[in-house]
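In the form predicted on its own, a lone chain appears below as structure tokens.
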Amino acid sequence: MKAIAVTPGKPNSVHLTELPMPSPNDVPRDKGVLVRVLKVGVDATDREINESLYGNAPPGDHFLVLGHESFGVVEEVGRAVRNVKPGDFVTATVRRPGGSIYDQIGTYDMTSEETYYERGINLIHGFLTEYFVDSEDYIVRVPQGLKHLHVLMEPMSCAAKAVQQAFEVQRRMKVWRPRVAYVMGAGQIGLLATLVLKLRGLEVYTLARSRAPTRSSEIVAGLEATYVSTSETPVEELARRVGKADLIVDATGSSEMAFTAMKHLGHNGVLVWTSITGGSHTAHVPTDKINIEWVLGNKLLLGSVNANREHFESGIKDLALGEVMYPGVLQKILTNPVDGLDNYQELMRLLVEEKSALKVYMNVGAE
């Protein structure tokens, strides 16, 4: 069967390859789930892996199959599988356990080991192929009523985790009632974080460089949040007008903006970094001022990467509630479909060249 892969260590090596057909019997303890792939989303991670910034092939292979945002339909299950059945729509978690205690209790997104295992990213093949098989432990059912949001399940899990972790660490405050949130960046993670924060009742300001109207500003307005163009309203001015944020989620992909956000967090607040910047950019920040304000203000910086099954499930619940609260809005994130695995070059071209693309995804198979 066909698959889209790269050769780790070789920039711009994306190519079509062949994989053997998998079987539920490939998974121990009769817990295998065979999934026919319908759609796979791609993002900056896939672009950066193709640029050879990171990513390693599975042991014994010289290539890595891309794709970590999956959506498909169950074709066959092992005898011990209980939670999904043939015909169910599903997605799959991305990271797989290592050997640490955190891996073994299901929080494999919090591994303490240097080596991590992620489908389509590091040491395990991804989902950009016709079929895949995995253990029931990592397969998450998607309600039929959300199938039109397909590849948003994985990025939604990351947004859900980021906000959930902020509230989790703020148990230190005994009582924490955040009022104002800034979301830095209006890409897919920023927009989905906007949804999560709105559902928690916060006053949300979603910031991006582009002046409205844009697709992102339309979505933010549809979520009843406030879109702020930093080209027109600098963050400093926004903070003077509405107050510093109690919670900031940075999803810009810019290390400079990630550090700049530190200046605009209020007392007892949390700044969550969700994006990884792979370049060598250097920026100047007022370290003394930040140091004093953060120590005296009991502020917290939190890194959040990947997600486990719990975050997938809570993210899917938020998507379902979001569809009821803001019908038709979230589907607007799905901007750029590409048909068929043979069109892998067009998939990568859109990732690199189409700056207005919120979500590039491939239609792999028909329902």
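None of these values were measured; they are calculated from a predicted model. The numbering used is simple: start at 1 and walk along the sequence shown.
One more form of this protein should be noted, the form predicted in complex with a small molecule, which is absent from this view; the next part is about it.
Chemist: Work out which of 158, 77, 225, 271 lies within 4.5 Å of the small molecule in the predicted bound form, going by heavy atoms.
Modeler: Looking at the other structure, the residue within range turns out to be 158.
Chemist: Exactly one of 121, 208, 261, 90 has a non-hydrogen atom within 4.5 Å of the small molecule in the predicted bound form; which residue is it?
Modeler: Result of the distance check: 121.
Chemist: Only one of these stretches, 23 to 31, 317 to 325, 301 to 309, 332 to 340, has heavy atoms within 4.5 Å of the small molecule in the predicted bound form; which one is it?
Modeler: That would be stretch 301 to 309.
Chemist: Is every one of 16, 39 and 361 in contact with the small molecule in the predicted bound form, taking contact as a heavy atom within 4.5 Å?
Modeler: No, the whole trio is out of contact, none within 4.5 Å by any heavy atom.
Chemist: Taking the small molecule as it sits in the predicted bound form, is residue 95 in contact with it (heavy atom to heavy atom, 4.5 Å or less)?
Modeler: Yes, residue 95 lies within 4.5 Å of the small molecule in the predicted bound form.
Chemist: If we define contact as a non-hydrogen atom of the residue within 4.5 angstroms of the partner, is residue 50 a contact of the small molecule in the predicted bound form?
Modeler: No, residue 50 is distant from the partner.
Chemist: So in the predicted bound form, does any heavy atom of residue 276 sit within 4.5 Å of the small molecule?
Modeler: Because a heavy atom of residue 276 falls inside 4.5 Å of the small molecule in the predicted bound form, the answer is yes.
Chemist: Is there a heavy atom of residue 176 lying 4.5 Å or less from a heavy atom of the small molecule in the predicted bound form?
Modeler: No, residue 176 sits far enough from the small molecule in the predicted bound form that none of its heavy atoms falls within 4.5 Å.
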